[in-house]
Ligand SMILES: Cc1cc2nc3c(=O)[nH]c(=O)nc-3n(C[C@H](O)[C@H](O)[C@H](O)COP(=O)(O)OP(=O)(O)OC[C@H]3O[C@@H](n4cnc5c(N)ncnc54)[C@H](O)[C@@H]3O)c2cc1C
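Presented below, as structure tokens, is a lone chain in the form predicted on its own.
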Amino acid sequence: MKKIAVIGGGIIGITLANYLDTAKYDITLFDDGNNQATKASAGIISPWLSKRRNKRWYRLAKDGAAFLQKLVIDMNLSNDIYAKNGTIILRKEALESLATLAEQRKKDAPEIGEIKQLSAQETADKLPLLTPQESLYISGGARLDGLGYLEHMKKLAVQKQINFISEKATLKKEDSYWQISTPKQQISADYVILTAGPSCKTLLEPLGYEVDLRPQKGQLVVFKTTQTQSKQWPVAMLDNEADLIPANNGQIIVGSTHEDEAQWDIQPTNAAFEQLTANSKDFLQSSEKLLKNSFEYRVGTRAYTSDFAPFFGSLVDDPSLLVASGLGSSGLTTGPYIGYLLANYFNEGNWPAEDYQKPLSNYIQKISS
């Protein structure tokens, strides 16, 4: 039986591990749990109205959102983890053009669902925390609880007898096998799949590769409220850099920051609180009440490439080494699908026919000796 080592237990790694065929492969997943973006994420699944010009990225995100319907069934995700409650999009202008774009994209993305321009009162009825204002509603929008997803998927992986090692790993090639070492142990593997976010860069550099990856700090603020019906509310994409995500147990999440200079720093800051609450205050009916409630931070580290696009696949000079990273802020939409595609490659030998990305060599290059 061939051995596969997956290094990185975030959204890609844990999904990949669960979809790999355990009858064919002996699977070990390494994860030290540090700076994991998935744990901190709030998870808006609504990629269809993005104005990004990268058509490859849009295809990946669109198909990733569609794949989540399969994932829910395959992995028995509860409504607490994945909830398709719709998305409300707030814009000060151009709602009609946004609705037109939604209708156009629905032609090859029926997952968008119902598209409706809401009156001010209809908006407040859908999400009572919002001040009455016109909006666009998309019924297919959803939220994915990153932390809940990781916990659920790890339980499933343990049931499938996938090995977990909660330590920082390094790797090197000896003869035709990979040696993966931690402070306490060492294992060998036929294949290695790196899904460790921005840490893929530090894992590959000792092997002689230059990697186009950078870490970015992201902070969210989670407010505790008495709004017990919050889990049924849609998410709201606000007309600035903040989003409002109703979660379980009366929690309301406001996020998120994009801090390039902070990189690996995961300490919460008052500046993030001030920025996020200021950006959301004009959209909330009871902002003062919300801001006075107890709150906590979520902080994680995202992985970005220079062109803000993810990459995944095997290295040209060594097909036994695969890498997937660069998800940026859309990781909960694209990450599970990438994990599934990589697993399907091992299980069935099929690589996706769709053109989802530039060649891997755009992001990873062997350094000349």
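None of these values were measured; they are calculated from a predicted model. Numbering starts at 1 and follows the sequence shown.
Quick note: we don't show the form predicted in complex with the ligand, though the next part is all about it.
Peer 1: Which pick from 239, 74, 167, 190 sits with a heavy atom within 4.5 Å of the ligand in the predicted complex?
Peer 2: Looking at the other structure, the residue within range turns out to be 167.
Peer 1: Work out which of 44, 341, 61, 322 lies within 4.5 Å of the ligand in the predicted complex, going by heavy atoms.
Peer 2: Residue within 4.5 Å of the partner: 44.
Peer 1: Quick one: which of 226 to 234, 294 to 302, 123 to 131, 92 to 100 gets within 4.5 Å of the ligand in the predicted complex, going by heavy atoms?
Peer 2: This holds for exactly one stretch, 294 to 302.
Peer 1: Is residue 310 close to the ligand in the predicted complex, meaning a heavy atom pair under 4.5 Å apart or at it?
Peer 2: No, residue 310 stays farther than 4.5 Å from the ligand in the predicted complex.
Peer 1: With the partner left out here, check for me: in the predicted complex, does some heavy atom of residue 50 sit within 4.5 Å of the ligand?
Peer 2: Flag for residue 50 set to no.
Peer 1: Taking heavy atoms and a 4.5 Å cut-off, does residue 329 contact the ligand in the predicted complex?
Peer 2: The answer is yes: residue 329 has a heavy atom within 4.5 Å of the ligand.
Peer 1: Taking the shortest heavy atom distance, is residue 88 within 4.5 Å of the ligand in the predicted complex?
Peer 2: Taking the distances in the predicted complex, the answer for residue 88 is no, it never comes within 4.5 Å of the ligand.
Peer 1: Are 31, 37 and 195 jointly within 4.5 Å of the ligand in the predicted complex, each by at least one heavy atom?
Peer 2: Spot residues vs the ligand: full contact, yes.
Peer 1: Can you name the residues of 70 to 94 that have a non-hydrogen atom within 4.5 angstroms of the ligand in the predicted complex?
Peer 2: Read in sequence order, no residue approaches the ligand (within 4.5 Å, in the predicted complex).
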